[in-house]
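What follows is a single chain, given as C-alpha coordinates, in the form predicted alone.
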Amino acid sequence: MKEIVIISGKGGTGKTSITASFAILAGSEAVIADCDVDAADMHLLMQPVIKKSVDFYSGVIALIDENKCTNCGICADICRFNAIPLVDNQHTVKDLDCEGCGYCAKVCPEKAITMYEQNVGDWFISQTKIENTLVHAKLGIGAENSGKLVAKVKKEANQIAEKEDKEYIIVDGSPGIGCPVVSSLSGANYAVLVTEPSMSGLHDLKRVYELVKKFNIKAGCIINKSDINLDMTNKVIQFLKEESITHISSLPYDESFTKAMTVGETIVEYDHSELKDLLVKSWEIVKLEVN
(Lines give C-alpha, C1' and ligand atoms only; values in the text may rest on other atoms or scores of the structure.)
Protein backbone atom coordinates (compact mmCIF):
# COMPACT_ATOMS: atom_id res chain seq x y z
CA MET A 1 0.00 0.00 0.00
CA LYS A 2 1.45 3.35 -1.10
CA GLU A 3 0.33 6.77 0.09
CA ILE A 4 0.41 9.55 -2.50
CA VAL A 5 -0.15 13.13 -1.31
CA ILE A 6 -1.02 15.90 -3.75
CA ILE A 7 -0.14 19.35 -2.40
CA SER A 8 0.54 22.88 -3.62
CA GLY A 9 2.37 25.83 -2.15
CA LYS A 10 -0.60 28.10 -2.86
CA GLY A 11 -4.30 27.82 -3.57
CA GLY A 12 -5.84 27.96 -7.03
CA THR A 13 -3.32 25.78 -8.84
CA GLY A 14 -5.82 23.06 -9.77
CA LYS A 15 -4.62 20.65 -7.06
CA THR A 16 -8.03 19.24 -6.14
CA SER A 17 -9.11 18.84 -9.77
CA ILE A 18 -5.94 16.87 -10.50
CA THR A 19 -6.36 14.79 -7.33
CA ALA A 20 -9.95 13.95 -8.25
CA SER A 21 -8.81 12.94 -11.74
CA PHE A 22 -6.24 10.58 -10.20
CA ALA A 23 -8.98 9.19 -7.95
CA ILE A 24 -11.12 8.41 -10.99
CA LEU A 25 -8.20 6.83 -12.84
CA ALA A 26 -7.19 4.73 -9.81
CA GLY A 27 -10.74 3.43 -9.39
CA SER A 28 -11.05 0.44 -7.09
CA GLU A 29 -7.28 0.34 -6.51
CA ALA A 30 -7.40 3.34 -4.15
CA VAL A 31 -8.94 4.85 -1.05
CA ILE A 32 -9.28 8.64 -1.30
CA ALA A 33 -8.66 11.04 1.59
CA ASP A 34 -9.65 14.71 1.38
CA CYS A 35 -7.31 16.31 3.89
CA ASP A 36 -7.99 19.89 2.85
CA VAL A 37 -10.33 20.10 5.84
CA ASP A 38 -10.35 23.90 6.06
CA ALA A 39 -11.89 24.13 2.58
CA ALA A 40 -12.99 20.61 1.67
CA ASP A 41 -14.37 20.42 -1.87
CA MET A 42 -13.40 16.99 -3.21
CA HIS A 43 -17.01 15.93 -2.66
CA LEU A 44 -18.14 18.35 -5.37
CA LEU A 45 -16.36 16.24 -7.98
CA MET A 46 -16.63 12.78 -6.42
CA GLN A 47 -20.33 13.09 -5.46
CA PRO A 48 -20.09 10.82 -2.41
CA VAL A 49 -22.93 9.12 -0.56
CA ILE A 50 -22.17 9.37 3.16
CA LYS A 51 -22.13 5.99 4.89
CA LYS A 52 -20.77 7.11 8.26
CA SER A 53 -20.65 10.49 10.01
CA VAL A 54 -18.79 11.10 13.28
CA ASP A 55 -18.39 14.22 15.43
CA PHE A 56 -14.78 15.28 15.94
CA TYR A 57 -13.73 16.61 19.33
CA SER A 58 -10.40 18.33 19.94
CA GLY A 59 -9.18 20.93 22.38
CA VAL A 60 -11.01 22.39 25.38
CA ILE A 61 -12.88 25.61 26.05
CA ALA A 62 -14.02 27.33 29.25
CA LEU A 63 -17.63 27.39 30.40
CA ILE A 64 -18.93 29.57 33.26
CA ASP A 65 -21.74 28.29 35.49
CA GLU A 66 -23.81 31.43 36.01
CA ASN A 67 -25.45 29.94 39.11
CA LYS A 68 -22.07 29.68 40.85
CA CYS A 69 -20.43 32.77 39.39
CA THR A 70 -20.29 35.86 41.65
CA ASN A 71 -18.84 38.07 38.90
CA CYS A 72 -15.75 38.81 40.95
CA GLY A 73 -13.85 39.42 37.70
CA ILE A 74 -10.70 37.50 38.63
CA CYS A 75 -11.01 35.28 35.56
CA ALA A 76 -11.44 38.27 33.26
CA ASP A 77 -8.42 40.03 34.77
CA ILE A 78 -6.06 37.10 34.26
CA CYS A 79 -7.29 36.07 30.79
CA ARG A 80 -4.53 37.21 28.44
CA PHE A 81 -6.80 36.58 25.43
CA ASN A 82 -9.58 38.94 26.66
CA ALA A 83 -12.03 36.07 26.18
CA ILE A 84 -14.19 36.74 29.27
CA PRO A 85 -16.06 40.04 28.84
CA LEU A 86 -18.82 41.34 31.08
CA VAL A 87 -22.10 41.11 29.14
CA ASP A 88 -25.33 42.28 30.79
CA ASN A 89 -23.60 42.19 34.20
CA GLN A 90 -22.50 38.59 33.71
CA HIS A 91 -19.02 37.34 32.81
CA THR A 92 -19.25 35.19 29.67
CA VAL A 93 -16.71 33.23 27.64
CA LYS A 94 -16.28 34.23 23.98
CA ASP A 95 -15.77 30.87 22.28
CA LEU A 96 -13.71 32.19 19.36
CA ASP A 97 -11.28 34.00 21.66
CA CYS A 98 -10.82 31.28 24.30
CA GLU A 99 -7.55 29.39 23.81
CA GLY A 100 -8.44 26.64 26.30
CA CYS A 101 -5.46 27.25 28.60
CA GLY A 102 -7.58 26.56 31.70
CA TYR A 103 -6.00 29.27 33.86
CA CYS A 104 -9.37 30.89 34.57
CA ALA A 105 -10.75 27.61 35.94
CA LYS A 106 -7.73 27.28 38.28
CA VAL A 107 -8.07 30.77 39.80
CA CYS A 108 -11.86 30.92 40.11
CA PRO A 109 -12.61 31.00 43.88
CA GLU A 110 -16.14 29.68 43.35
CA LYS A 111 -15.10 26.79 41.06
CA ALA A 112 -17.65 28.14 38.61
CA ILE A 113 -15.56 27.49 35.51
CA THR A 114 -15.12 24.09 33.89
CA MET A 115 -13.18 23.10 30.78
CA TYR A 116 -15.04 20.95 28.29
CA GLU A 117 -13.98 19.30 25.04
CA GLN A 118 -14.94 21.11 21.86
CA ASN A 119 -16.81 19.67 18.90
CA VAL A 120 -14.76 21.30 16.13
CA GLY A 121 -16.12 19.44 13.12
CA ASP A 122 -17.18 16.14 11.59
CA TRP A 123 -15.51 13.40 9.59
CA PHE A 124 -17.16 11.07 7.10
CA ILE A 125 -16.71 7.79 5.31
CA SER A 126 -18.47 7.85 1.96
CA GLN A 127 -18.83 5.92 -1.27
CA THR A 128 -18.03 7.92 -4.40
CA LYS A 129 -19.81 7.84 -7.74
CA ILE A 130 -17.32 5.24 -8.98
CA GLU A 131 -17.74 3.27 -5.73
CA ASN A 132 -14.32 3.79 -4.21
CA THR A 133 -14.14 4.98 -0.60
CA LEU A 134 -13.68 8.65 0.25
CA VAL A 135 -12.73 9.70 3.78
CA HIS A 136 -13.35 13.41 4.24
CA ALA A 137 -14.13 15.98 6.91
CA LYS A 138 -15.59 19.39 7.64
CA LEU A 139 -13.95 21.74 10.11
CA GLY A 140 -16.32 24.01 12.02
CA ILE A 141 -16.42 27.76 11.34
CA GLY A 142 -13.57 29.44 13.18
CA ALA A 143 -12.43 26.10 14.60
CA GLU A 144 -8.82 25.17 15.15
CA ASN A 145 -6.94 21.85 15.32
CA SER A 146 -7.20 21.23 11.57
CA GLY A 147 -3.94 19.26 11.78
CA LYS A 148 -5.50 16.81 14.22
CA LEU A 149 -8.57 16.42 12.00
CA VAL A 150 -6.28 15.71 9.03
CA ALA A 151 -4.50 13.06 11.10
CA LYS A 152 -7.87 11.45 11.89
CA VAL A 153 -8.90 11.41 8.21
CA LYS A 154 -5.59 9.83 7.23
CA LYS A 155 -5.76 7.25 10.00
CA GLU A 156 -9.23 6.13 8.92
CA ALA A 157 -8.19 6.01 5.25
CA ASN A 158 -5.15 3.90 6.13
CA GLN A 159 -7.22 1.45 8.15
CA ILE A 160 -9.73 1.03 5.31
CA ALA A 161 -6.98 0.62 2.69
CA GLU A 162 -5.21 -1.98 4.81
CA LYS A 163 -8.40 -3.88 5.58
CA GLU A 164 -9.49 -3.91 1.92
CA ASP A 165 -5.97 -4.52 0.59
CA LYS A 166 -5.91 -1.44 -1.64
CA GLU A 167 -2.81 -0.49 -3.59
CA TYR A 168 -2.97 3.25 -3.03
CA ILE A 169 -4.19 5.98 -0.71
CA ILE A 170 -4.62 9.21 -2.66
CA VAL A 171 -4.56 12.25 -0.40
CA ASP A 172 -5.72 15.75 -1.33
CA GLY A 173 -3.60 17.91 0.97
CA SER A 174 -4.07 21.52 1.99
CA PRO A 175 -2.30 24.36 0.17
CA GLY A 176 0.55 26.17 1.91
CA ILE A 177 3.02 24.88 4.50
CA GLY A 178 0.99 25.01 7.72
CA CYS A 179 -0.04 22.40 10.27
CA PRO A 180 -2.57 20.55 8.05
CA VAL A 181 0.07 20.18 5.31
CA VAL A 182 2.58 18.78 7.81
CA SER A 183 -0.09 16.33 8.97
CA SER A 184 -0.93 15.42 5.35
CA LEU A 185 2.70 14.60 4.56
CA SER A 186 3.29 12.48 7.64
CA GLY A 187 3.71 8.85 6.57
CA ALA A 188 3.46 9.57 2.83
CA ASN A 189 5.44 7.62 0.25
CA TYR A 190 5.29 10.19 -2.55
CA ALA A 191 4.35 13.85 -2.97
CA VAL A 192 2.92 15.36 -6.13
CA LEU A 193 3.54 19.11 -6.17
CA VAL A 194 1.08 21.12 -8.26
CA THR A 195 2.18 24.59 -9.29
CA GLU A 196 1.54 27.30 -11.87
CA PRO A 197 3.98 29.46 -13.87
CA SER A 198 3.96 32.67 -11.86
CA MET A 199 6.33 34.37 -9.42
CA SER A 200 4.13 33.42 -6.48
CA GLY A 201 3.70 29.90 -7.86
CA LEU A 202 7.46 29.34 -8.04
CA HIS A 203 8.08 30.98 -4.67
CA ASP A 204 5.49 28.82 -2.92
CA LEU A 205 6.66 25.70 -4.77
CA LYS A 206 10.12 26.27 -3.29
CA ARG A 207 8.65 26.74 0.19
CA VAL A 208 6.53 23.61 0.12
CA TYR A 209 9.36 21.54 -1.30
CA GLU A 210 11.55 22.56 1.65
CA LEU A 211 8.89 20.96 3.83
CA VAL A 212 8.78 17.82 1.67
CA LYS A 213 12.56 17.49 1.92
CA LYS A 214 12.40 17.56 5.72
CA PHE A 215 10.16 14.48 5.54
CA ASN A 216 12.60 12.85 3.10
CA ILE A 217 9.75 12.16 0.66
CA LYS A 218 10.36 11.62 -3.04
CA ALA A 219 8.49 14.19 -5.14
CA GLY A 220 7.27 14.95 -8.63
CA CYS A 221 5.72 18.11 -10.03
CA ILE A 222 2.85 18.98 -12.36
CA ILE A 223 2.94 22.47 -13.87
CA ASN A 224 -0.66 23.51 -14.52
CA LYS A 225 -1.55 26.25 -17.04
CA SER A 226 2.03 25.93 -18.25
CA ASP A 227 1.50 27.85 -21.49
CA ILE A 228 0.29 31.13 -19.96
CA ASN A 229 3.84 32.21 -19.06
CA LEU A 230 6.52 30.20 -20.84
CA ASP A 231 9.38 32.14 -19.27
CA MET A 232 8.17 31.26 -15.75
CA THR A 233 7.48 27.69 -16.83
CA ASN A 234 11.12 27.38 -17.86
CA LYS A 235 12.20 28.78 -14.48
CA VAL A 236 10.03 26.19 -12.71
CA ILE A 237 11.53 23.40 -14.86
CA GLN A 238 15.03 24.65 -14.04
CA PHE A 239 14.22 24.51 -10.32
CA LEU A 240 12.91 20.95 -10.71
CA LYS A 241 16.17 19.92 -12.40
CA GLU A 242 18.28 21.56 -9.68
CA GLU A 243 16.38 19.72 -6.94
CA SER A 244 16.06 16.39 -8.83
CA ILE A 245 12.27 16.62 -8.70
CA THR A 246 10.56 14.55 -11.39
CA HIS A 247 8.81 16.76 -13.94
CA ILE A 248 5.64 14.68 -14.29
CA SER A 249 3.88 16.87 -16.85
CA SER A 250 3.07 20.36 -18.07
CA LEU A 251 -0.66 20.90 -18.53
CA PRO A 252 -1.85 23.64 -20.91
CA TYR A 253 -4.45 26.18 -19.90
CA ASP A 254 -7.85 24.78 -20.84
CA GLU A 255 -11.30 26.11 -19.98
CA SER A 256 -12.50 22.52 -19.92
CA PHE A 257 -11.23 22.37 -16.34
CA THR A 258 -13.84 24.94 -15.32
CA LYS A 259 -16.56 23.53 -17.55
CA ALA A 260 -16.05 20.06 -16.05
CA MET A 261 -16.34 21.43 -12.52
CA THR A 262 -19.63 23.17 -13.29
CA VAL A 263 -21.19 19.83 -14.17
CA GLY A 264 -19.56 17.99 -11.26
CA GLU A 265 -17.08 15.98 -13.30
CA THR A 266 -13.33 15.56 -13.39
CA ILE A 267 -11.46 16.47 -16.55
CA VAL A 268 -10.78 12.79 -17.34
CA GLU A 269 -14.53 12.12 -17.37
CA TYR A 270 -15.55 15.28 -19.19
CA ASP A 271 -12.85 15.81 -21.78
CA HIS A 272 -11.37 13.67 -24.55
CA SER A 273 -8.60 16.01 -25.63
CA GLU A 274 -4.86 16.32 -25.04
CA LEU A 275 -5.51 17.38 -21.44
CA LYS A 276 -7.14 14.07 -20.56
CA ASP A 277 -4.30 12.15 -22.22
CA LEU A 278 -1.73 14.17 -20.26
CA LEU A 279 -3.47 13.41 -16.95
CA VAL A 280 -3.69 9.70 -17.79
CA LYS A 281 0.04 9.70 -18.54
CA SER A 282 0.71 11.70 -15.38
CA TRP A 283 -1.04 9.08 -13.25
CA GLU A 284 0.97 6.32 -14.92
CA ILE A 285 4.19 8.21 -14.15
CA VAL A 286 3.16 8.70 -10.52
CA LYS A 287 2.49 4.96 -10.16
CA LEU A 288 5.90 4.14 -11.61
CA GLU A 289 7.57 6.66 -9.32
CA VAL A 290 5.87 5.48 -6.15
CA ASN A 291 6.51 1.80 -6.89
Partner chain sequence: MKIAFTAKGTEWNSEMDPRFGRTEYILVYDDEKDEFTSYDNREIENEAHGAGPKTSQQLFEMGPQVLITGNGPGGNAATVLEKAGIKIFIGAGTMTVKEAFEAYQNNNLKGF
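All values reported here derive from a predicted model rather than from experimental measurement. Residue numbers count along the first chain shown, from 1.
Unshown form predicted in complex with the partner chain; subsequent notes refer to it.
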| property | result |
| --- | --- |
| Interface stretch in the predicted bound form with the partner chain - options 180-188, 83-91, 163-171, 125-133, non-hydrogen atom within 4.5 Å | 180-188 |
| Position in contact with the partner chain when the complex is considered in the predicted bound form, options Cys221, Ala112, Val120, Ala151, heavy atoms within 4.5 Å | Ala151 |
| Contact of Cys72 with the partner chain in the predicted bound form (heavy atom, 4.5 Å) | no |
| Partner contact for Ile217 in the predicted bound form: the partner chain, 4.5 angstroms, heavy atom | yes |
| Within 4.5 Å of the partner chain in the predicted bound form: residues from 40-62 (heavy atom criterion) | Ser58 |
